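In structure tokens, the next block holds one chain alone, the form predicted alone.
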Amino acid sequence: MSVRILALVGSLRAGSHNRQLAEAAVKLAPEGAEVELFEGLAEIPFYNEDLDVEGDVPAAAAKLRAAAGSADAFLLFSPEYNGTIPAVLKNAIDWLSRPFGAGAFGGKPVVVVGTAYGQFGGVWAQDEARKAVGIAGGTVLEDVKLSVAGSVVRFAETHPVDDAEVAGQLAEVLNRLHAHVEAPAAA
């Protein structure tokens, strides 16, 4: 059985370093795991309970929920916007938190990583994302973290997959997430 890890990227920018980090995760997935980079967060309307009607959920939100429902784990990539989580990532978490008590995170393991221009690599935003996804029902692996500082300079001419230090750290994050999913199956 292959472990399916759904990656959500909190930046919509084509040249996003967080997107590049997610692309690196796809390539660095350990044997027995597959990282699926979800496309389409920009098309999902802001969460509104009036839109969240069974049988009539907006197509983009339904697509996200379907992808999340078939995932075994989640890997969220969060840049830091004004010291906090980007709206597009928070919106995805909100859609996946519903229906109340039966959201797609449903106790599945979640890791939040990311990169940002600042000296701390976006840790405030990543902490906010961990908080939100934990409240939404995910099992946040609090001890599995990766915050890459100075993204604009560090990745100016190098893709994260070609940065040996970052690739090694990201591979370790993926191995730990994969192991967490596999551990209950082995018990």
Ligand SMILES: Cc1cc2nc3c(=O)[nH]c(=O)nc-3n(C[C@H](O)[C@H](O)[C@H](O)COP(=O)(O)O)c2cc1C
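Residue numbers run from 1 along the displayed sequence. Everything quoted here is computed from the prediction, not taken from an experiment.
Unshown form predicted in complex with this ligand; subsequent notes refer to it.
Mapping the unseen interface onto this chain, residue 110 falls outside it, with no heavy atom inside 4.5 Å of this ligand in the model of the complex. Proximity of residue 116 to this ligand in the model of the complex falls within the 4.5 Å heavy atom cutoff. This ligand is not shown here, and in the model of the complex it never comes within 4.5 Å of any heavy atom of residue 147. Residue contact with this ligand in the model of the complex: residue 152 places a heavy atom within 4.5 Å of it. Taking this ligand as it sits in the model of the complex, the stretch 77-108 comes within 4.5 angstroms of it through a non-hydrogen atom at 79, 80, 81, 82, 83.
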